[in-house]
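Here we start with a single chain on its own, the form predicted alone, put down as C-alpha cells.
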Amino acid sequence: MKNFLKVIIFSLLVLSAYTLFPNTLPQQKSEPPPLEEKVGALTMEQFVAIGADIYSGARGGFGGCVLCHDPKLGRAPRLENMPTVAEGRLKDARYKGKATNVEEYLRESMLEPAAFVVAGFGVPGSNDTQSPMLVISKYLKPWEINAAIAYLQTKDGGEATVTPPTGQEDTGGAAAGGAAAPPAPAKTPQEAFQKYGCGACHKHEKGGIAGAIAPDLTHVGSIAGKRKPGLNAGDYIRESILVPTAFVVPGQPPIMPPGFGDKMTASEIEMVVKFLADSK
C-alpha cells in the first residue's frame, strides 16, 4: 500500500512539473494585425496594373474577365483592340444603349450587359437580346470598374481616358502601400456562387444563379455520383471544382477554368460540395 501511495505521489509531482514549467517561460503577447492603410492617389501605371489584376482574376470577387473572355474558350467576345471594336459597336444598328464614346460603352457593358449583346453570344434562345454576362457592379467598386476600363483601353496600345483615384476615394489599400486585403470567406453557398461568378455559366434554382451555358446544377446531387464510377456525389463535385478536366459532361465544351482550388478556401469548397451533393 505504501509503495502504491509513493507511485501516486510521484506521478502527481511529475504532472505538476510539466504543467507549471511552461508558465515560467517568457510569454509573447499576440497582437492583432494592423489595419490596412488607405492608399492615396494612384499613378496611371498603378491604376492600369490594378485593372490588369481584375482582368486576370488576381483581384475582384468574380473570377476575372478571362473566366469568360478567354479567346481560347470562345465562350464570350474577345477583348482585344477594344477602343476600335467599341467604336464599331456604337455604330451598329442593333446598339440600343446610351453610350456616346468608348469609355462609356465599356462601362455600360459592365453595368448593363444587355444594352448590346454581340451576335452569337447571347443567352441561348433569346435571339441575342439577353446577355449571360454578370453585372460587374455587384463585385467591383466604381473606381475598380474604371481601372478595368483603363486596362482594356491601354492593353493593346491605346490611351486611357479614365482618371485614377486622387486620394479621396476609398481604395481599400489597393496599391503603393501593399496589396488589398483578401475578401472574407463566403458564409453561405449562395455567397460563394456570387463571389466566384458561378452564375456566369451555371444555373441552380436554390443557389440564386441563372447561367445558361454550362450544366444545370439544380439537381446535380442526384446524378453526380453516376458520372464517374467509384466516386460518390461529394467526391465527384469536389473533383470537378479542383480538376475541371477530370470529367467533362458529354456534349459540353471543356470551358470550366482551372484555379478555383487556389482561389477558394477549404471551408468554402466543402460548403459548396455539401450543398450541391444535397441538391437532389
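Since this is a predicted model, take the numbers as computed values, not measurements. Numbers for residues come from their place in the sequence shown, where the first is 1. For the two forms, the rigid core is made up of the largest set of C-alpha atoms that agree within 1.5 Å on superposition.
The same protein also exists as the form predicted together with ligand HEC; that form is not shown, yet it is the one meant from here on.
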Just checking whether Gln252 would be counted as a contact of ligand HEC in the model of the complex - the rule being heavy atoms within 4.5 angstroms. yes
Is there a non-hydrogen atom of Asn146 within 4.5 angstroms of a non-hydrogen atom of ligand HEC in the model of the complex? no
Contact between Thr154 and ligand HEC in the model of the complex at 4.5 Å, heavy atoms? no
Evaluate Gly158 for contact with ligand HEC in the model of the complex, applying a 4.5 angstroms cut-off between non-hydrogen atoms, and reply yes or no. no
On the criterion of a non-hydrogen atom at 4.5 angstroms or closer, are Arg75, Phe121 and Pro244 all touching ligand HEC in the model of the complex? yes
Which one, Ala186, Met82, Ala99, Val162, lies within 4.5 Å of ligand HEC in the model of the complex by heavy atoms? Met82
So which of Ala41, Val248, Ala212, Ala58 reaches within 4.5 angstroms of ligand HEC in the model of the complex, heavy atom to heavy atom? Val248
In sequence order, the residues of 91-118 that place a heavy atom within 4.5 Å of ligand HEC in the model of the complex are Tyr105, Leu106, Ser109, Met110, Pro113, Phe116, Val117, Val118
Gln190: CA shift of at least 2 Å between the shown form and the other one after core fit? yes
Ile145: Cα shift of 2 Å or greater between the shown form and the other one (core-aligned): no
Please determine whether the C-alpha atom of His69 is displaced by 2 Å or more between the shown form and the other one following superposition on the rigid core. no
Distance direction in the model of the complex for the C-alpha atoms of Thr245 and Tyr139, relative to the displayed form (3 angstroms or more): closer
Please check whether, in the model of the complex, the CA atoms of Gly259 and Glu80 lie closer or farther apart than here, given a change of 3 Å or more. farther
